[in-house]
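Below are two forms of the same protein chain, given as structure tokens: structure 1, then structure 2.
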Structure 1
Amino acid sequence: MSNFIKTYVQQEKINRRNLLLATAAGLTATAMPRAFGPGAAMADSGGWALAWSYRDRASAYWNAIVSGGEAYTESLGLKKEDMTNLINEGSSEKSLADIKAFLAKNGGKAAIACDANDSPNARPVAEAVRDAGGYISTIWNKTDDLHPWDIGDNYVAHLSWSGEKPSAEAAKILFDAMGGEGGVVHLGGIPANIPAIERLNGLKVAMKDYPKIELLDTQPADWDTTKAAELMSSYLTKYGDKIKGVHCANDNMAYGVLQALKAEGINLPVTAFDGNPEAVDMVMKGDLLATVFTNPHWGGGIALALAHQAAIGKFKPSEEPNEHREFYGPSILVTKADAENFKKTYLDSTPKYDWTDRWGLSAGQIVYK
């Protein structure tokens, strides 16, 4: 197991332990230090409290997302600590409760970016923000029948990434490495997550062009490294040498897959998704065939920027076209051929973004099937 993976797993355990200790001590979402009080610096945000609600910062992907929110906060002349972190630890109930508490603490004067954790949770979150008079942008997860313009100006925008197309592209690279035939297994995210659904669909779409590829099994590992290692071990026990390739719905699960394969002395082609620094290094070394980068730093920054700029009246959401309120972010397929240049551009140094260029990197309006 690489040092990065060891650190990731250890940090994830520490995060969960600290959450339990904080809960036991009575430090709930409404009482934790700095949780709801930017203080004097509020004037620089027009009096609006800023927050990002998300799953777990132990993940390199979510760390990049939140760093974008912090970059936007700093662009206002604030400190990054003036953006509140609402960490839901994968609980939709906690996500909603924390957001309601944050709104109540700030008298509704809050601009929030949020991943609702699962799709059904997006509606009660958006309605709670609207009812309190706050503003919110969401990313990744919402139901297809929920649209910002149906809620009103307070639900500013929803940002997602087209997981199907890049997932299919990664799958085709995997199938070619398998010689165009043989069994493949898929490790998915949380079943109700939109990206988990789309990335599995991408695999199935790619299979239409490869009739000799067989999907042996697909099960969720909940975006988790440890669960993925356990699931891959069970796949190996069940299918043995029928497995000729592995398709993962994110990088963190790919790390677990590689750990399980190494434990058995097996080398198989593996693809991933997210473009985290460790995954890109693995692509450069040949441990992974490919990963997909969705520019999480930009996504995290622009989601918070949209909510806050709408709150302070820089633009009126209802006057914008629908493609500015539900839109795809950019994605880049990273292979060994281009990984070095990609790393220099996006990972060795973080690009600086103009947060007033709200839709400059949009990949178009979200399409529902």
Structure 2
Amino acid sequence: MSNFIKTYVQQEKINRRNLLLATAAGLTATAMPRAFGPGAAMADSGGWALAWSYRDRASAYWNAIVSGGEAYTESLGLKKEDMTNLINEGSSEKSLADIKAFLAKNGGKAAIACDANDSPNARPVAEAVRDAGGYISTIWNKTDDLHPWDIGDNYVAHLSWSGEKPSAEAAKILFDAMGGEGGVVHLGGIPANIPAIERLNGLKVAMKDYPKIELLDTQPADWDTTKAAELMSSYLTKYGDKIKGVHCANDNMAYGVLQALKAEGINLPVTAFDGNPEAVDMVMKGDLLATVFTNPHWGGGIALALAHQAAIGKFKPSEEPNEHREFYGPSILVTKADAENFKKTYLDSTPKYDWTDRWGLSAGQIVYK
């Protein structure tokens, strides 16, 4: 190929990419007129536009995250609509394009909380925010080698949840209900997801204290209720009466497991993870043995609060210790004994948090293995 053609092809490729990016940004802009309109309300946020960037509205979990962001926004005397929802629909490209568009429209004066959708996407997102002069906190997804203190004050903090310890606690409750012996099956999340890996590890850690427990099988059901029901049925065919307990990596899969068991009139102890309202009801009824609550409302609120408070100068991130810039959120084990109390405190009415108590619920600095 001649050099001329090569250059031409490369140029066209770049042009096409720019066009795509511009289109994506344009679409986002039209979809969010409210965010880009002249915001009278912005005065109350010190002139900073607020946004939460996340996957979708189709799960109780993300809705709880968003409710926390909205609660923080309201605590500033704004309306909850003043926080912009940047929904990435599971696309890292859209996540980045939306955030760039939001920064551009607000001249960089933006405080953003974000789950970057996948780990590698956290770096370009954080760099885009830094280059535009905005402030960002991230949750869940980020590569191990990316740290807020390496990017600077604009990358305020990263928040995650350790799956291992609470998952181990749930497993121990399961093993005790089984009388300390017998076969266990595990239903896992999407294999490469960090929480899926950690929650399975938790089960394995707990097994060390229970030598008579046998882990029969672990398979992914991709966090999905239907897939979990089918996987549980297949487990029953394969292992039959050997199964004495079921350990699920989230609530949604536990719902499927319970239905697969119901179909055959089988009763087995089952534990779950996430602490969704339906799961807590099931714990109260005794259908589920335990679930783990990670307080997504607080997580969603504090992530946005940190970004915004750094933006308006309430604190300077670089003056904080590392444990304030990469930390775990809280986890609460919910069992039948405390389910009722838990429901009253956390679900029936949402607790009011003091968003200036920035690290009050932190469960310590993130540890890398």
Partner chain sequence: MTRENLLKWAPVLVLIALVLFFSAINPNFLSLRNFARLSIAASPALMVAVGVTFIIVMGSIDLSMEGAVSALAVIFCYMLVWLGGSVAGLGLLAVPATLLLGLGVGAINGLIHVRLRIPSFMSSLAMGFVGTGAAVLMTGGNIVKIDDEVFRALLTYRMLGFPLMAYVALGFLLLAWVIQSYTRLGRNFYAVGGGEDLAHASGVNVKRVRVLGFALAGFFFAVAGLLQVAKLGQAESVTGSNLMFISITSVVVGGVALWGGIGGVWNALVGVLIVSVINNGMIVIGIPDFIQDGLLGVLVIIAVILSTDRRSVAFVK
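When a residue number appears, read it as a position in the sequence of structure 1, where counting begins at 1. Think of the rigid core as the biggest set of C-alphas that the two forms share within 1.5 Å after superposition. These numbers were taken from a predicted model, which means no experiment stands behind them.
Legend: structure 1 corresponds to the form predicted on its own, while structure 2 does not. Remark: with the core as the superposition reference, the CA shift of residue 219 between structures 1 and 2 reaches 2 Å or more. With a cut-off of 2 Å and the rigid core superposed, residue 119 has a Cα displacement that falls short of the cut-off between structures 1 and 2. Once the cores line up, the CA of residue 182 ends up 2 angstroms or more apart between structures 1 and 2. Structural comparison between structures 1 and 2 after rigid-core fitting shows the C-alpha of residue 204 displaced 3.4 Å. Its Cα shifted by 6.9 Å between structures 1 and 2, residue 241 is reported here after superposition on the rigid core.
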